[in-house]
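Given as structure tokens, the chain that follows is alone and in the form predicted on its own.
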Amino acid sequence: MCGIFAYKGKRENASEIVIEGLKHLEYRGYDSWGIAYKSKAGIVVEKRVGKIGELDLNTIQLPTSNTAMGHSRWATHGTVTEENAHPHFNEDQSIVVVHNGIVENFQELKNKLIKNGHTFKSETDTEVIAHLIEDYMEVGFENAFKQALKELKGRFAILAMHRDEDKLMAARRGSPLIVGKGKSEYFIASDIPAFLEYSREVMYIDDNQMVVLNDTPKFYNIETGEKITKRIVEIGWNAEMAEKGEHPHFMIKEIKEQKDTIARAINQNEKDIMKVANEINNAFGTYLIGCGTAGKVCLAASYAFSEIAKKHVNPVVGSEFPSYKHFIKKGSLVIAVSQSGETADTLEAIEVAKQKGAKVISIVNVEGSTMDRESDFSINIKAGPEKAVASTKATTAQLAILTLLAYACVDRLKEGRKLLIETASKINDMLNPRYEQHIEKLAEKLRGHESMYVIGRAMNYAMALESAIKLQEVSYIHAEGFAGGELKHGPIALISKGTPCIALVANDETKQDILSNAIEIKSRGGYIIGVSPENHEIFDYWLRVPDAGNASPIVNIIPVQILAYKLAVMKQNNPDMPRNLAKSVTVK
């Protein structure tokens, strides 16, 4: 959530670079934005409420500057106003800060600062940081920054700049922050795509670390002051991968990329896959943890491990995992699933697992992310940048990796790989303009409905839950997913004449049962949309999918992704940036 971007180098259009960088971070979700840049007159701040993508640079005077920083804010403390937008000054405007996260003890600090004579201009917790640094300035800017950080409670990423110092300073605890290295220039951002057009060489700031950025970056441990040496990591993504290209939105681009990303996901080193499979086989209890869509992937994978490997694994929502800590011990295995590798609740779950002596393996899309670095071992899903808030290609790549691991657990890795390669090929055939038009016609029929329901069984029960998330996220239609067998235990009371219900059908032992559940809904007036390899007479509308066996969750979710996208566009919603949501939930 929120976005940070900064530039320090020899270019003289630092402010424009920062504005463009913030535009690349729009997918993270925000409601206001602002920049601060060095000028001969001191530090200048510009703030706006609304979208930075709508900014006409001709409306802002941006003088020459080679040091600037910016922020896109998601309101937490304080309403959405220019006063509350970042950056924030201290009183004499010598110190300016931007901040992601929440200062949990901000009220206590604010009360202390007010007693010391400070006055505040905003309602935010962030402004406290600028005043706190000022209070320690007698020991110099660098040390004042360190001292202020030690007083903050909670997760944060912070940038600070001083009017009289030719440096930028940044620090993090739990919220992502990355340094990009260019030619005689440096960038600091919340996410790599922000500076991909300038640099693919990065240095990661770890928890409780800070960087002083002058001619060269110097990294320190916040608590001890010890200097840290950082290795430079080269990113495999390029700028084109992070752009929409010919597509109107990132979401549809990323949906269509699934024909390639599934094949990339399973193109893993066989030794790495077998290493993780052996860890699962030898673990004293295996837990799959994830939040939101990743949580539904974990649930689907628990069925896959049961069906394929005859093995019990425990799917747990990341935010609920601390309640399971009493079962975790040395010998337990935690597999964390996340697109960004920065999900706050999942990172907290990892912390709990490590405290109890468990081994941690992560399945992530961002190499070098916090989750990647905090894990004992990790598998990169290789999906490339995913910028739409609603996850699509990362979801199916995660499903592919976990399905592959289930096969590997019973020495059937080649069989699993063959199934998934064939599935990727079938998806390539499925994703064509006529199929998209067929789903668009369905969207026209559904756009006026206020509620929709999705049913499935076994692995496709998890995808029913994920389908509901997709529809909720971008179409803003009330959608719920149910296990088909649960209908008579309450949900069927919601069905009335014309109620749309999507039935996710796999060509397996659950087929007859889920079709019977669909008949129950239809007999009460429901409108049945079948997602299935075969047409059935009970379907009012059929969305054909390939017969993919144990990979059915992968193929069954894709038409629902397209449907959600089409509904969003028809209702004039922005499918890339749904209201009230952010791509990476980096605060609890």
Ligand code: M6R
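Position 1 is the first residue in the sequence shown; the rest follow in order. What you are looking at is a predicted structure, and each value in this text was computed from that prediction instead of being measured.
The form predicted together with this ligand is left out here; the points below concern that form.
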{"property": "Among the candidates 88, 470, 73, 393, the residue which, in the model of the complex, approaches this ligand to within 4.5 Å (heavy atoms)", "result": "470"}
{"property": "Contact residue in the model of the complex, chosen from 126, 475, 258, 343 - any heavy atom within 4.5 Å of this ligand", "result": "343"}
{"property": "Heavy atom of residue 293 within 4.5 Å of this ligand in the model of the complex", "result": "yes"}
{"property": "In the model of the complex, residue 442 touching this ligand (heavy atom, 4.5 Å)", "result": "no"}
{"property": "In the model of the complex, residue 389 touching this ligand (heavy atom, 4.5 Å)", "result": "yes"}
{"property": "Contact test in the model of the complex: residue 339 vs this ligand, heavy atoms, 4.5 Å", "result": "yes"}
{"property": "Stretch in contact, per heavy atom within 4.5 angstroms of this ligand in the model of the complex, of 412 to 420, 165 to 173, 285 to 293, 451 to 459", "result": "285 to 293"}
